[in-house]
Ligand code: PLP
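Below sits a lone chain in structure tokens, taken as the form predicted alone.
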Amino acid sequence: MFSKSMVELGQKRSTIREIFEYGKKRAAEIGAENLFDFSIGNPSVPAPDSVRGAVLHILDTEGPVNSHSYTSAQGDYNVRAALADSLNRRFDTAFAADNLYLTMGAAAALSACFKALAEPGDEFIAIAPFFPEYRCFVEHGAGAKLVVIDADTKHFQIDFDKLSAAVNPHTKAVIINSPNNPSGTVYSEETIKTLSSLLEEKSRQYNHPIFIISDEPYRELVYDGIQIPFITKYYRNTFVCYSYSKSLSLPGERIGYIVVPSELENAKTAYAAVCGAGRSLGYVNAPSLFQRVAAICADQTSDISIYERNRNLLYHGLSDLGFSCVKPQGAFYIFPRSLEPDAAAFCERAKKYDLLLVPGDDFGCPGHVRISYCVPTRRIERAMDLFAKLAAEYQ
């Protein structure tokens, strides 16, 4: 009577969500102040004051009807033009309104790209560690196959020998995520150049373009003066998927976009495919009020210095306790090795101290755990004694 695969998806949440839901129940039992939930990437830093000002300005000037009206399916033209101008100023690009398609966050952007590209037999490559929902979006949403490349756990850059071996005539696109969830790694310019050269060679070999789908919700969350290479300047067949969930602390408002560069092969057809994918997935238009908010606040961010302070506390504190960590360069996650080979068992043991951590298995990286530090700094400070007690069990 019902789709078996959809029932299975509905009955089992992602591991991250399962732990998050457990945390809500546990907090009700012991008090939220006694739970140390590091499971989910839900920003604790408030949106900048300009967001509230933009909402009030729009409501005052547009009125209670226009503020909430439908827009064009691909998003309001003036909003798309403003966002293109913002990108052009910051990254020396040459986008116009019709290079952007507004979406309900990065998840919708990714889903629309997979749906727009997927044909029978196609494969999409994810590079571990990767956001687990890619599998759902590719396999259940687009009907394609997700191929996972093992992680280079020393630096969390790309293992190009493994990637080269995985690319084949069925490869439609490679998904990259930098800054990375869950490792916090930023792909270096050298990595991006090598990736671009490899995919150009493979595209010629197989006589069809192999695309990059760049998942960029953490683009502005970088530390220590690190620069993010803007991928379209290195590889023309790139779709950029973005969300304001992290940069402006607006995860629940579901506002983001896809960039379809004019340089992309058959760009107008590609844009039409994205529009068609959005239509087939039931995306009427992205939230209209927050389209306009994004246009006003596109060049701003929340107070990222708080995340940097949290990163430093966790990185140095965990390292001192004997955890093996690659120092995050961006995003708001740290991804240390588990203190035992079975990361799920380690995370279960951590619950004894009301520490909620996420095992790395679903990210394609067993033996690691993800710790989200977009939390109040005081939570990290208080948790370090508990991490010490947990670590002591393994000494």
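Numbering starts at 1 and follows the sequence shown. Note that the structure is a prediction, hence the values are computed from the model and not measured.
Below, we turn to the form predicted together with the named molecule, even though it does not appear here.
Remark: Y134 counts among the residues lining the named molecule in the predicted bound form, judged by a heavy atom distance of 4.5 Å or less. Within this chain, N181 lines the site of the named molecule in the predicted bound form, having a heavy atom no more than 4.5 Å away. The shortest heavy atom separation between S247 and the named molecule in the predicted bound form exceeds 4.5 Å. At least one heavy atom of R254 is located within 4.5 Å of the named molecule in the predicted bound form. Only one of Y101, Y218, Y187, F114 comes within 4.5 Å of the named molecule in the predicted bound form through a heavy atom, and that residue is Y218.
The listed set A144, I125, L195, A106 contains one residue whose heavy atoms approach the named molecule in the predicted bound form to within 4.5 Å, identified as A106. Contact with the named molecule, judged by heavy atoms within 4.5 Å in the predicted bound form, is confined among 145-153, 275-283, 77-85, 238-246 to 238-246. Shown here without the named molecule, the chain has only Y333 in 325-349 lying with a heavy atom within 4.5 Å of that partner in the predicted bound form.
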